[in-house]
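One chain follows as structure tokens, the form predicted alone.
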């Protein structure tokens, strides 16, 4: 071997190089020296890496940075993925080098205790009492599945005469697709995941929900769970948890809140009182730290109003890991799908302890306020049409021309989005609402300003003119 890959001095020198590269990436992103992204076709990107030769760590890291999207660029206003706080990201190196799998306590004592502290802060901020509990898992999709598995076990325990084919989930038609995927994965017929229509603000229609639920019950079905969006993926709309909580109690069903994106509003007194009233009545709620908590992916909290319910998703025996089948908060593999569990809690713990929950709340309020400012700019312009008034940091809008058909406007806005992506100046995404194509932004980056979003509007107008839209 040419070099000792476990040599400490070599590790130190390479580490300095990597930190310098990442610091340069941050500077070039902050100051907009680099584009948001320089996208090539999937075939070209695949060929580049297929034929790539690694000469040293620094050059590989540099190429990786240069060929990746820059989430720290102020003009990154696309998907719901955070631009992490740099100092928090450094803890990822510690976690990966220590490599403490947290399935059982003795393999990850510090990480397990830290995670319990993190969960307690989440539960306190929700308004749960001391009987609540939870854990961290790898992303919102797995978190929603885990919570709904608990709902299934809870429902079948109350109705042992019933079968899974008789269970129903009621959820907004604007809910993330992973809710339907979770239902199918756990064995429900696809028709038993009932998608409820939304109102003009893209919130679940609670009257329609009540009507559909009663029809299911009259036909002999059981409402396993009512799922509230906090907020929906496409439009950032928060369902009315106050009403859904009352309906769930009336139906004797499990209320689950998918707060993957917007659940972190619990850390803002103002937003919690406006958007998440009665969230403490939910039987379970999930919150992604890697969305609105400035934390690298993946890290999702799965939280239960009653601690005992946090154990019923994956109740099974494993003698080689556990001494006995019991409720044991220290051996996390008893409650999570992962057995070799990533030490994900340390980043959120640092955030809570170093900066405090108010820092998170202030950040979310800032991003929401900036999105409202963007809404006002677009809503006042004759060249644009908005789909909704934002409740979060997500806004859907489209370039608009008087008397143009929706079909023509769809083509125009698709051209605008493709042109923006090709230029690399901005990163925005899109969605379809009622067969209408909308441009969609999610203002995640704390460095994005009103000047940046004004520049985006101007760029869209310029593209429309240049392409004879």
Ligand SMILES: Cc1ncc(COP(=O)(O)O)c(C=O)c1O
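Numbering follows the first chain given and starts at 1. Treat the numbers as computed from the prediction; the structure is a model and nothing was measured.
One more form of this protein, predicted together with the named molecule, exists but is not displayed; see below.
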- Task: Answer yes or no: in the predicted bound form, does the named molecule come within 4.5 Å of a heavy atom in every one of 80, 141 and 178?
- Result: yes
- Message: Can you work out which of 302, 260, 344, 282 has a heavy atom no more than 4.5 Å from the named molecule in the predicted bound form?
- Response: 260
- Query: Among 388, 152, 72, 290, which has any heavy atom within 4.5 Å of the named molecule in the predicted bound form?
  - Reply: 290
- Item | Option from 252 to 260, 239 to 247, 378 to 386, 193 to 201 whose residues, in the predicted bound form, bring a heavy atom within 4.5 Å of the named molecule | 252 to 260
- Query: Taking the shortest heavy atom distance, is residue 231 within 4.5 Å of the named molecule in the predicted bound form?
  - Reply: yes
